[in-house]
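Shown below, as structure tokens, is a lone chain in the form predicted on its own; questions about how it binds or moves come after it.
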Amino acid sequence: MTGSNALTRFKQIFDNRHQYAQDWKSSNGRQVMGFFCTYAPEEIIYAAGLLPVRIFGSHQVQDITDKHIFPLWCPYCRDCLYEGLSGHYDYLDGILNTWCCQHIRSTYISWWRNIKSLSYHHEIYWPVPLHTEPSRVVATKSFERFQGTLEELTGAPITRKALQDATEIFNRSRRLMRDVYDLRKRPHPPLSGAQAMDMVVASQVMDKQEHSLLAEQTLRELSGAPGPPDPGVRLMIMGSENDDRDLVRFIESMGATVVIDDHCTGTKYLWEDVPVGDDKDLISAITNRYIAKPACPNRDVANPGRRHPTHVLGLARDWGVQGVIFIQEKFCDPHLWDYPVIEKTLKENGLPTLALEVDVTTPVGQFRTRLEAFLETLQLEVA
């Protein structure tokens, strides 16, 4: 795909994310807050003067987490806990969990019980189902309590101006990333799915203002770029948390381009903005944004009239997808519940699917055979 100085920088930052956060902390003299889930209200963290950093794994085979959480918990949560127990996140001043799934919650609990360098830990209750008025009230109160604990941590109030500034900074970052994703609608996308993934995971570990400057540079560099003459089969990837960029590169090396995703490490992170205005209660507005964004399966299954299947189908149509690869973290129950409904919706609309179950590392040989067969079938259908 098209080369870009900014795209290279995104990859470098994510590859060296721990050093980036430590340098930011040292140069700004402020604290760093780790979080596990896209339901974490980063705007509030940033308004308090802290850098929000999403906790990711390293895809290293390990056995040190088994005595802390069940071995049958998903590889993603065990990988994240390994990073904490190994000391790679010792620069964090605090961690935040939003009540997403039991596996991540176990990681959060094990983390603060065993890693004594933390000065703060907090859990936000996130109600089920989401789209009801009582749920909005509960979620808003949870965000307000969180704001209060951050004010105690820093010893300073979070002003309305600080909240408004933070909200505008995060909205700008999300809009720029959606502009980048729009480039992938082209018949010949000027960046690969792996490059887009470098950008979006980097946005979750770096200062949003710096990320936006690099995103603007990327848009300038790619605006007139022609893209590859033959991008191959246009794919969508979706499913469990996916920070495995090597897996995406492997999929694209088989003669395909990942043009869109439905992951909490991808579009679910950057869809929807916070409405900002002088007449709005900002905590309520921030809460509404996190309720309105594409839902995690363990939130969507409890909603009257599930929204996720229709949302996924809309993405597939808008980005001209020919097939969908469902990336399933081993033992991830919420996405296992979700897949049959998504598969049925997609197949009824002429979109074939392939399910790949992933662990900490990628079984390249097994996946190669299955991907070759899937892509060959799609190419024959197009022909």
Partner chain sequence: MMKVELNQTRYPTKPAQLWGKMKELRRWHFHKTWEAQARGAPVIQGIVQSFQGYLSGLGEFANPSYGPYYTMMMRRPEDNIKCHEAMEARGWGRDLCSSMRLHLGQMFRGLSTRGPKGDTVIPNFVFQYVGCHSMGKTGQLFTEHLGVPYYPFDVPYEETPESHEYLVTQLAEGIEWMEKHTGIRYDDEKAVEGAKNEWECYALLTKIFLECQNIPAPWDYRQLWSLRLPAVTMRHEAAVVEYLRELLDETRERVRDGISARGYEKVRLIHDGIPPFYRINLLRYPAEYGAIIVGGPLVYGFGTWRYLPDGSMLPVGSLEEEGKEIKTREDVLQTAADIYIRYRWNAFSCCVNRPEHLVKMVQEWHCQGAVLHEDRGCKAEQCAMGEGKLALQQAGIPTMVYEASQADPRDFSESQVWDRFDSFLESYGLTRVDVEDTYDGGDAVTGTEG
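Numbering follows the first chain given and starts at 1. This is a predicted model, so every value here is computed, not measured.
Same protein, other form: the form predicted in complex with the partner chain, not shown, and the subject of what follows.
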Interface stretch in the model of the complex with the partner chain - options 45-53, 330-338, 26-34, 312-320, non-hydrogen atom within 4.5 Å
330-338
Non-hydrogen atom contact His188 with the partner chain in the model of the complex at 4.5 angstroms
no
So, Tyr89 and the partner chain: in the model of the complex, are they within 4.5 Å at any heavy atom pair?
no
Report yes if any heavy atom of Gly239 sits within 4.5 Å of a heavy atom of the partner chain in the model of the complex; otherwise report no.
no
Interface membership of His103, the partner chain in the model of the complex, 4.5 Å heavy atom rule:
yes
Answer option from Arg249, Arg306, Arg174, Lys293, heavy atom within 4.5 Å of the partner chain in the model of the complex:
Arg306
So which of Asn114, Ser119, Ser223, Thr159 reaches within 4.5 angstroms of the partner chain in the model of the complex, heavy atom to heavy atom?
Asn114
Within 56-82, which residues have a heavy atom closer than or equal to 4.5 Å from the partner chain in the model of the complex?
Lys67, His68, Phe70, Pro71, Leu72, Trp73
